[in-house]
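Below you will find one chain, with nothing else, as structure tokens; this is the form predicted on its own, and questions on how it binds or moves follow later.
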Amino acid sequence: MIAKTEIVESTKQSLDVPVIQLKSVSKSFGNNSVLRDFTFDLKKGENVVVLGKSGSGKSVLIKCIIGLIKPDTGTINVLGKNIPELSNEELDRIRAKVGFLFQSNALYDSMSVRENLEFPLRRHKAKMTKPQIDELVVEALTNVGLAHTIDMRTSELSGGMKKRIALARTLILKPEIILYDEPTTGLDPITGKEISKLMRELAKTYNTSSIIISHDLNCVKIVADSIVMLIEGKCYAQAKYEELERSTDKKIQEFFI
């Protein structure tokens, strides 16, 4: 018989295993070295913001994680799989477990809100019945507070509403990990704050782990469990917002002035 303490310890160990683990990742484009020996772990249930200047390699980092760009060296382990070594078919299976919120939202203006949310389900859950699809669509829209928009065209929605719909579509497959690319860009400060709070709430509702690319310090302060400083292609520092804000390191200070 397995003792209760053994079960608790086993569960604790599984939670400690990173859902994303990057080791010594480097990527250059010609003479431009974008990532240099970048090492970083994302733990289960953790929300980590990657903060860096424009052109520092944040978007390249995200593209490496989801297999759109292959690193020159290093390993990228996502949910137990080394991404650079996977076939296209294996990558598709991993991507179905990783949600991605595009900076531009990437909604289809020619489709209704309902059709936008149905799209990933029809692609990845082909055996689902219409009632099952309808249930997930309504659930996702309810969780972002926009159930009433289900039959509207996305072109009829405000910027904040589009961001919420994009969030709903990202979450509809119930991913284990979400990657956010500048989620509050183009939004006014009040709407940006609302979206940031919603991201935090949805992480708890769906039990997701997240990497958030952002330069919006208001968003960062709300959503981040910790912050990775991407400086000179490396994970220069990782700490909580308050710790970094108090740092006397001039390279870190630049972001909080």
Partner chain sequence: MLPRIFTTFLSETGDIARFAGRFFKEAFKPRYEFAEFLRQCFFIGYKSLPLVAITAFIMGLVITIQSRPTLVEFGAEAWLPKMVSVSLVREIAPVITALICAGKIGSGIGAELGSMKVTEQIDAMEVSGTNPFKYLVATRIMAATLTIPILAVLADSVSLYGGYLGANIRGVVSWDLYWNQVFDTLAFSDVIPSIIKTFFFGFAIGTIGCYKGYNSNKGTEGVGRSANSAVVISSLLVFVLDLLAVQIIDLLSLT
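Numbering follows the first chain given and starts at 1. Because the structure is predicted, anything quoted here is derived from the model rather than measured.
Keep in mind that the form predicted together with its partner chain is not shown, yet the notes after this line are about it.
Only one of 38-46, 197-205, 215-223, 63-71 places residue heavy atoms within 4.5 angstroms of its partner chain in the predicted bound form, namely 63-71. When its partner chain is considered in the predicted bound form, M128 lies well away from it, no heavy atom lying within 4.5 Å.
Taking non-hydrogen atoms only, L107 approaches its partner chain to within 4.5 angstroms in the predicted bound form. With a 4.5 Å cutoff on heavy atoms, P120 counts as touching its partner chain in the predicted bound form. With a 4.5 Å cutoff on heavy atoms, N77 does not count as touching its partner chain in the predicted bound form; it lies far away. Checked against its partner chain in the predicted bound form, the candidates H124, H148, K174, K81 yield a single residue with a heavy atom inside 4.5 Å, and that residue is H124.
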